[in-house]
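For reference, the chain that follows is the form predicted alone, supplied as structure tokens.
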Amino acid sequence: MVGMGVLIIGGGGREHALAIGLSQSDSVASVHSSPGNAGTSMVGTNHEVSSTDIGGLVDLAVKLDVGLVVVGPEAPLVEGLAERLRDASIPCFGPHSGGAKLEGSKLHAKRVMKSLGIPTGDFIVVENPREVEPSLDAFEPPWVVKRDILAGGKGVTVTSMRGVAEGALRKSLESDGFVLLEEHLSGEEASVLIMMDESGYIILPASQDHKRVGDGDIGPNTGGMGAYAPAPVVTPAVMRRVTEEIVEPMHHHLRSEDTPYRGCLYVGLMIDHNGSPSVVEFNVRLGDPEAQVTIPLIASDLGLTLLAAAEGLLAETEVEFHNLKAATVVLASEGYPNTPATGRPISGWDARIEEGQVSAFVHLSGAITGEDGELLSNGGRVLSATGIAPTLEEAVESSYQIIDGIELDGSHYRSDIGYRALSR
């Protein structure tokens, strides 16, 4: 086939990982990103259309005459970008707005899971201030309070302090009209990303990210401070249960909808001490930083795989994976996860390791190129150093070898990425 043009929507580390993978695909002739970042500009062409400008993105895809659009963030999917693109006869890797409700509405996702018998925590919909106290009494602490909106990972409060939980419930009631109170699930978290369409699905290597800002999982939640894959907590036995109890019923449900689900279904799992998986949440796109450790493990042509899903032809596609391990360590700006310092120069980010089967390099995220060509910080999570190797120990070691050589004033990163797996 003649190589196609691909447009990637978004501008984070996930999108840089997609751009690298697509640029290495024989099926892809050109890679475009909108708005992209400094990393995507190095493997393709950036365009200054916001990921929230649905009409502008459709116009851009038509103008570029691309053969595929790959949507990174969830917001444009919730707003209907996928159906707008398909109306323009442009294949889109990313579900329609109805499918995107699995992430756009926590209540919708819970109701779908309960109707299908998918294992997940119990929940209460709190709609009146008078219901706050009895609802809290219904669950043991810690309490999990979730707003039913897209909140960029900041709409969830997990606390063992009753006063904090009560405050979160009342505040959300005032702003949103209702709020979810969920049963807290205990165990070890993992993520499973599934490429899915009406014809079939492909399960990517399971990963585990590190959400807390500090070593040992302390401090506030972040968008993710690092990840590794495959995650050994998802044993073959656990994966069989995930497939049978979660993936299969979700695929049957989504393929039966009037408009088929075509894209990535992200399953956030909690695996208890007995190896029983439960769903914490669904997302409708590749995770960040999970994408940085799963995309490099795909040995097949990424462009053809994503296009097959966008056209409903996954069942006709075979995907192979490298028998390697991957780890990524996020470098964050001073002040993150609160108000990050930006505009600071970054050096040492372009180092690489290529030693046999061991490789390491940088995925750029919150970084831009300054007027003099210097790389500058432009967000909370600035970049991640990603290592690929035959063993997880080597992958982690090579990641830290890269990140230890990067200079960004005031920056910080976790020094224990992969500690659960490495301690097994």
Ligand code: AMP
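On a predicted model such as this, the values are computed, not experimentally measured, just so you know. A residue's number is simply how far along the shown sequence it sits, counting from 1.
Omitted from view is the form predicted in complex with ligand AMP, to which the following refers.
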>> Using a 4.5 angstroms cut-off on non-hydrogen atoms, would K101 count as touching ligand AMP in the predicted complex?
In response: no
>> Can you tell me if A88 lies within 4.5 angstroms of ligand AMP in the predicted complex, counting non-hydrogen atoms only?
In response: no
> Any of the heavy atoms of K146 lying within 4.5 Å of ligand AMP in the predicted complex?
Replying inline: yes
>> Contact with ligand AMP in the predicted complex for E182, defined as at least one heavy atom pair within 4.5 Å: yes or no?
In response: yes
> Which of 276 to 284, 309 to 317, 127 to 135, 326 to 334 has heavy atoms within 4.5 Å of ligand AMP in the predicted complex?
Replying inline: 276 to 284
>> Looking at A351, L116, L107, V158 here, can you tell me which has any non-hydrogen atom within 4.5 angstroms of ligand AMP in the predicted complex?
In response: V158
> Which listed residue (D301, E189, E245, E198) meets the criterion of a heavy atom within 4.5 Å of ligand AMP in the predicted complex?
Replying inline: E189
> What are the residues of 202 to 226, in order along the chain, with a heavy atom within 4.5 Å of ligand AMP in the predicted complex?
Replying inline: K211, N221
